[in-house]
Each structure stands twice: as C-alpha cells, then as structure tokens.
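The form predicted on its own is given below as one chain in structure tokens.
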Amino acid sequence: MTVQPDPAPLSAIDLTDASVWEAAAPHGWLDRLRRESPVHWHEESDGPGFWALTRHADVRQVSTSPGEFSSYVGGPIRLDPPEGGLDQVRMIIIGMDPPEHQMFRSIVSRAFTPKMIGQLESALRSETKRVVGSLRGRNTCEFVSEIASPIPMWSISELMGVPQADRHRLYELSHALIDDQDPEVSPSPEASTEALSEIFAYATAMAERERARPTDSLTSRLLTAEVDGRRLSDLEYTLFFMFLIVAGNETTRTASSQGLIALLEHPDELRRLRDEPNLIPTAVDEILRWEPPIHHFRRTATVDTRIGGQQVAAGDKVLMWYAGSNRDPAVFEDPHRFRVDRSPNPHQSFGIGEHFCLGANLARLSLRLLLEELVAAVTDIEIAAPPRRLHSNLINGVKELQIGFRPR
C-alpha cells in the first residue's frame, strides 16, 4: 500500500492532547513519526519539550540503559511532579534506578513468580467463573464495571490481604488517583488529592491490623521486609501499598476491556478463538500489543548521548510511545493487522529491562482465564453502543463498554 504524503508539518502532531487519545491511538501520527522522525523533538505547552520515540529498537535501548536514561531524575511521567512530589515518586519502584530499584523490587518479586501465580490460578478461575456467571439469564451488560473491573481487583486484594468489604472503595480511589486527566473520573485536583489521602489512611490502618495479627499477605511482607539492612519507613510502605493496589487493577482492567473491543472489531479472529481455544494465550499477547494499557513512560537523559543516531542532551526528557513501538514494521509483520495467532510477539507493553512489569504473569493469567470463561459462557457478542474511552494520554482506559450477547 502506498502511503500518501501528509502535507501538514510534523510540528502539527500533538501527542500530549488527551482528547486525541480519547478517540483512539493516533496511529497515523505514530506511523509518520516512525518513518520521518523516529527520535522526534516534540514541543509541549506545559513543559520544555521531549524526545518522542516510536521505534521498537529505540524504546529497547532507552529501557535497558538505566545509567543513561533515568527514572529517578525526573520521574516516569511526562510532566514533572509538583514541588516536593518527586521525592515521593522516588520511593516507588517505577521512580527508582539501580541498585535501589532491584533491592525494593526483590521485596515483592517472589509473590509474582510463575510458580506463585500458578498457585493462585484455581482460586482466580473460580472468581472469574463467578463474575462471568453473573451474565446468565441476561442479554446485555456494561462490561467494564461488571466484568473487567472486579477480577483484577480481586487478584491484587487477595495478594495484599484486603478484606472483601473494602475492595470496591479501594478500586474507586485508585481509579480517581491514576486517571486524574479525565474530569469525569477525577473532576478536580482536590478529588485526586482526597483519593490519595484516603488510600494513605487505609494503608496505615492495614499496617496496624497486620502488625497486630500478622498474615502471609504481601502487606505483611512489606512491613517486615528489609532493604539494605533497614525496614521500610511508614511513607515507603504506604507508597508501595498504593502503587501495588493501583497498578494491580488499572492495567489489567484496561487490557480486558480493550481486548474485548479488539476481538469484536475483528469477528473472524474471535470466531477463530472459539474454534481453536488453544490460541487464547497467543491472543492475550496480541491484545497487549494491539492496545498497550499504558500509552507512554518517560526517562530523563543523564548524559549527552545518542538514540538511533540522534544527539540527545543530558537533562532531556525521553518518552517511549508503546502504541508506536508495538506496530513497528521492522519487527512485526503486517503490524496493523490483529492476529490471535501472532508468534513471536515481542511487544513492549510490559516494558523491558529493569522496569519489566512485576505483574506480567498475573496479568496474562487473568486475561487468559477471562477469555476462556467468556467464550464458554456467551456467544453472539456485539458492541451495543460506542465505547467511551478515558480522556488520557497516559492510561489507555475504557470507561464504558455496553455489549449485547446470547448466553450459551
């Protein structure tokens, strides 16, 4: 297919515009940047500008070179944290560099090994069956709130030891905190601040309960863990708790919702998945490639260096756009085609290197079980109303997905 030249200047591309991402990932822009300016200087109205990366190899280079490209210096998000906020970001593993990152990561990494996640599979399947089973006797549902949200919140809550009665409120708080670009989810800066305060208070109360009656939960592990010969401070523990709760439910809920949309928009692939359920594991990774739950992460250059032949100065912000790198034709054959049998599939949606997603094994398991149970429980699924996506250039979220179906 011949690509028609775009007469608009590259400076007209604005990847910071959340309303663009709310409509859909701007693949026309990302493809053009990858062709014409793969390491592209992008102006921003609310900052000094950044380098936008859209090639797979460049994202890999930055992700696997923490000495040159730091999470610690400026944090992992495009905008610099408010005054005093950077110190707190640096207490969370996504805001750390080696060697501190590895020391803190080791505290929780054993809870997310394939062996440990495998031990959770039976209980998670039962919970998934229960949630999907709520569709019996019905022909419509709102997929995000009724199906996609409860399952990952159950998983991370089980690991953290959060009581059943508290889980929905923690879900609401984490949603308001991380999705604060969307005025419907978090209508004001005060709403996000209040959510943060309530999560902090809840984490403190959890700590008091766990100290009084220790369990084998991840919360107890955080409270008793030692890093470099000392235990976590109260603030370090609280920030770690908050990060795990937020990250544990937000990204998997997003992947589940976007995954169903992708399958419904490609009915031949959904039909193939029904006929060949052994393809579900590869379909999970194709969903993650097709719609990465996180649009971008940031690093800050610590030295004058080069990315893909482009000179980058110390102190420059570098943003890795996963929707671009995941459709790089140098790596993926026919990258704009959704294929449930795609293999190999070296997508970058879980990150690479030091910051590879801790919960990748759990996310893959959750998505696999949901697809298995959903395909077994219902048929003739269709989108009943246009999906409502999150107003965000950070989180690739879906706020509402109305579907119709016929129970099997």
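Not measured: the values here are computed from a predicted model. Don't overthink the numbering: it's just position in the shown sequence, from 1.
What comes next is about the form predicted together with a small molecule, which is not displayed.
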> Does the small molecule get within 4.5 angstroms of any non-hydrogen atom of residue 255 in the predicted complex?
Replying inline: yes
> Does the small molecule get within 4.5 angstroms of any non-hydrogen atom of residue 355 in the predicted complex?
Replying inline: yes
> Applying a 4.5 Å heavy atom distance criterion, does residue 51 contact the small molecule in the predicted complex?
Replying inline: no
> Counting only non-hydrogen atoms and a 4.5 angstroms cut-off, does residue 338 reach the small molecule in the predicted complex?
Replying inline: no
> Among 237, 154, 143, 112, which has at least one heavy atom within 4.5 Å of the small molecule in the predicted complex?
Replying inline: 112
> What is the one choice in 378, 362, 33, 369 with a heavy atom within 4.5 Å of the small molecule in the predicted complex?
Replying inline: 362
>> The chain here is shown without the small molecule. Which stretch in 192-200, 272-280, 286-294, 311-319 comes within 4.5 angstroms of it in the predicted complex, by heavy atom distance?
In response: 286-294
